[in-house]
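Next up: a single chain in structure tokens, the form predicted on its own.
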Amino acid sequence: MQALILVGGEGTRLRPLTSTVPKPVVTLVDRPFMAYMLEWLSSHGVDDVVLACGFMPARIREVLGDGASFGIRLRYLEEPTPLGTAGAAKFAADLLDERFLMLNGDVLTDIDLSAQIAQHEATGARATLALVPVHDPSAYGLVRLAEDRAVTGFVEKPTPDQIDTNLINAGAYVLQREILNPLIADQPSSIERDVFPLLVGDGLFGFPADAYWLDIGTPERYLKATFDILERRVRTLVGERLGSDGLAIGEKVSGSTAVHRPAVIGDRCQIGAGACVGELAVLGADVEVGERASIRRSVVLDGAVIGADCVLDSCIVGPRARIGQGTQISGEVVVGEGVAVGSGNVLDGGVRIFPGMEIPDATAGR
């Protein structure tokens, strides 16, 4: 089985994490985000994947390689200009099989693709859309189904009186290549707006999935995805690594610490006396944590240095950032790669600090 994954966006909503790294290979817990999707696809028999890239494609290729480590063939296609979801598929058409999966590369999910493919075959569909239920349908475009799961219509930004379903498009499709034929090559177009509505009543079906689904496009959702992986709310290989005790500690970790699980501590971390890590904490490789520091519900990426007596709660600290002694960071703050934050600071309220910035000691000038 073959899959086309759309990863052309710049990930602007996730900056500064994506200021220096393309979104598909931003680290999520202990591996590039795209690894979750490739592992999920492989578990459902997908062995050929085309990545439709736009932003920093060389970096994506450098990190993911040829797909051998995931048990798949991985190929890369670079869009000359942004072409939209349907335009990207049309651009890739010469590489695509007669039937293929098309996926939004921003989503963490464990949808049963095998069952979706089986339904597609059984109904003779031209396109089968994975659908997931949401608690607040008013915030999404809704998909209406008949009893046989044929799509009968779409409702964008529904008013209360229009809400008669809670199913939304999950960004995972089984498609017959021929639906791309009417599209004009090299012209931007949307499969959701320009293709699917024309297929209503003509081979368009929905597959309601009782599955985990999350778009990780913002820091808030990045943290939620991290926590859900650690708590095994979504099926992943990371969850299997955590095992029954909910704890994964890498090699050559030094120092004594109190660890509240679930938590992941990367290779070669150095943790000072009296420090406390977790619950729901991730330390990347080569992280240094000072004495008496506290890190919970937070992600600290590779090579970052956290000073003594720091308190981190519900935040993200980028690779090789340095956080000075006694600084407190909370409230979904994101500290970018290589940032230096002086001692005694208090950062909260969702502040984003971009790579290259320096914040002096809070006591400077007093």
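One-based numbering along the sequence shown. Keep in mind that this is a model prediction, so the values were computed, not measured. By rigid core we mean the largest C-alpha set that fits within 1.5 Å across both forms.
FYI, the form predicted together with a small molecule isn't displayed, but the following is about it.
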Inset, instruction - Examine Y222 and determine whether its closest non-hydrogen atom to the small molecule in the model of the complex is within 4.5 angstroms. - result: no
Inset, instruction - Indicate whether T165 is a 4.5 Å heavy atom neighbour of the small molecule in the model of the complex. - result: no
Inset, instruction - Answer with yes or no whether S294 is in contact with the small molecule in the model of the complex, where contact means some heavy atom within 4.5 Å. - result: no
Legend entry - 4.5 Å heavy atom contact, C269 to the small molecule in the model of the complex: no
Inset, instruction - Tell me the stretch among 270-278, 75-83, 111-119, 285-293 that has any heavy atom within 4.5 angstroms of the small molecule in the model of the complex. - result: 75-83
Inset, instruction - Align both forms on the core first, then report whether G141 has a C-alpha shift of 2 Å or more between the shown form and the other one. - result: yes
